[in-house]
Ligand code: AHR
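What follows is a single chain, given as structure tokens, in the form predicted alone.
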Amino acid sequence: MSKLFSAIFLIAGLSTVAQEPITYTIRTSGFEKSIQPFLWGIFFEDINRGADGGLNADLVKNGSFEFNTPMMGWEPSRRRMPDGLCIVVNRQHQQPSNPKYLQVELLTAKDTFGLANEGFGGMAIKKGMRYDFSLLFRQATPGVTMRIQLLNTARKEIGAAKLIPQSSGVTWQTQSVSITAADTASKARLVIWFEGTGKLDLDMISLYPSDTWKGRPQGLRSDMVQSLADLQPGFVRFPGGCIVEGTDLNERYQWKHTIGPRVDRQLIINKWNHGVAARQTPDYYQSYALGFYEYFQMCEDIGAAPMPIINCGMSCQFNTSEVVPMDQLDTYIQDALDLIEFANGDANTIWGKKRADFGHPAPFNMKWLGVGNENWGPQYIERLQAFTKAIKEKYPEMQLITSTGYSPNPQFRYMDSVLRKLNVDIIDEHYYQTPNWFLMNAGKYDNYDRKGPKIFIGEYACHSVRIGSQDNKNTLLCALAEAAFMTGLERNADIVTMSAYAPLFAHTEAWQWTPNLIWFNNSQVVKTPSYYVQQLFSRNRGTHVLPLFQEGMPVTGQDSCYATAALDSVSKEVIIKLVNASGERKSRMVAFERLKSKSYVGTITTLEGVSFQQVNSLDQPDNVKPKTAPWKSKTPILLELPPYSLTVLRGKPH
């Protein structure tokens, strides 16, 4: 590696300063620490309307009438309707995965009526876009036709189509029709008019835009997936988060309920329906239109490794603290084994064949499996050991991620001690803390035991006010505090092998938790300063850590600055990341040991703002955004770091 390094370089900065700047020295030998390609990843949980009304591009709310209030999201055109004209039928014992459907019976032509769906805070409609309306139906008595309308807030029609059921009998059929929008509307709604006479059963009503990710029918919202792809993440952790546990075990996430035909995916209430007292969302459910197959597929699309988390037989310990008795844990363990087979098994296995039948014969090559989420205590250890024994016996290569709870408190110290004694594969640590904590902990992992388990920072985010406050903002200062902490993660990439900011998405009109990496409404995506920090680190990861020192010590906050360096052995570039967390401009000289090259070319990227309190918003999405420029200079590097900034230098010999 030292020979490779001698052939490469870096330099930037052309400013002249009056006093002698502080010098950072990069060691050009002894850089044996590898940086894993999955050091920087993303965490997804269906919180803040992240799935339905978010990544799932379906514009219809409660299209299967499965909410506890079956007509929630739907509004009839008549204040009072004759008995039997429109009813919800519940066939729970016959079809428990999808028990409810709507039955419409028009006895006379005068019984015409409409049902309007509000979507998720309105439907964003684009002029000229095709929208695909679909439903399941069954005609007991033919004669009912449907007129489909898109209406803007002025109740003006901006798109319409007619749908005439093409068959009758006892069998359910799928039928669809397309609507091309004549105008744009940010808060449109869908109206279905029922006309004629007859009896019609309806279920699984949906309306998808045609511009889904990769153009897949009934697919994902393309701009949201693109924002993930642009991060170039090493992995995606899914499906959470607290929804893995559920408020109680009846609400836990069960991956087998989320695959196969949409009609067979068993909708369930979302934990975040009632999880935050100050922001109740009674219409928050999980339709599982975004299920485990779609998660794996999305990971593959964006070049990220899949990292599923499964329930370990424990509910959320903040809520009910339910546990499954140890003698009844086998079903939970079998779900984990079946998931591995679903992801990695060939088409001759039971679950591998299911994956192949869905259209993906090749395995998804899953490497990690998380056992539990934010669980702790002796009860977790007991269940973890049962899972570990069963999984390692059948899949010894599978790396298991283990939980330490939710924060660096006394229970963390207990869990860390026990997990290390068990010699687990990976320990998951979570940090939701203030800017000061992140700045003070940039050196946290410098003295961690190199012979112990690897560390996964499974959830972290800087909270501007206090932990869990509804007033937390995604400020520039928070992003820079995270960047300072991340320099420590990169410097210790031999022990910290993975990390993920959390949560990922938040709808501006339907959120429960803040801060979040990406905010969105029904038509727009806003990338926060924290997003750009994650992107700059991920896109400038490097392959090996280069020791960087100030007077023989790592740069972990001296004079409010933080720094790390990496070598990219593929591109033969050196990457330096420097954080100035103060309101003053800082001058720095960057020197290299035994560097022979004298002239170098590359780029310099700076993320900065006019105030440390700056945020990005729907109205001003580019308040804080990185800027990149070419550079060419000589060694040693003379730099001026702007106040409240992250600077990334990348270069090689010219």
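A quick note: this is a predicted structure, and the numbers were derived from the prediction, not measured. The first residue of the sequence shown is number 1, and the count goes up from there.
The next section is about a form of this same protein that is not shown, the form predicted in complex with this ligand.
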Problem set entry | Partner-contacting position among Phe412, Trp513, Phe358, Trp437 - heavy atom within 4.5 Å of this ligand in the model of the complex | Trp513
Problem set entry | Residue among Tyr432, Trp351, Phe364, Phe113 with a heavy atom within 4.5 Å of this ligand in the model of the complex | Tyr432
Exercise. So, in the model of the complex, is Pro233 in contact with this ligand at a 4.5 angstroms heavy atom limit?
Worked result: no
Exercise. Taking heavy atoms and a 4.5 Å cut-off, does Glu45 contact this ligand in the model of the complex?
Worked result: yes
Problem set entry | Asn373, heavy atom within 4.5 angstroms of this ligand in the model of the complex | yes
Exercise. Does the 4.5 Å heavy atom contact test between Ala502 and this ligand in the model of the complex come out positive?
Worked result: yes
Exercise. Any idea which of 234-242, 67-75, 257-265, 179-187 reaches within 4.5 Å of this ligand in the model of the complex, heavy atoms considered?
Worked result: 234-242
Seminar exercise, completed: Of the residues spanning 268-287, the ones with some heavy atom within 4.5 Å of this ligand in the model of the complex are Trp272
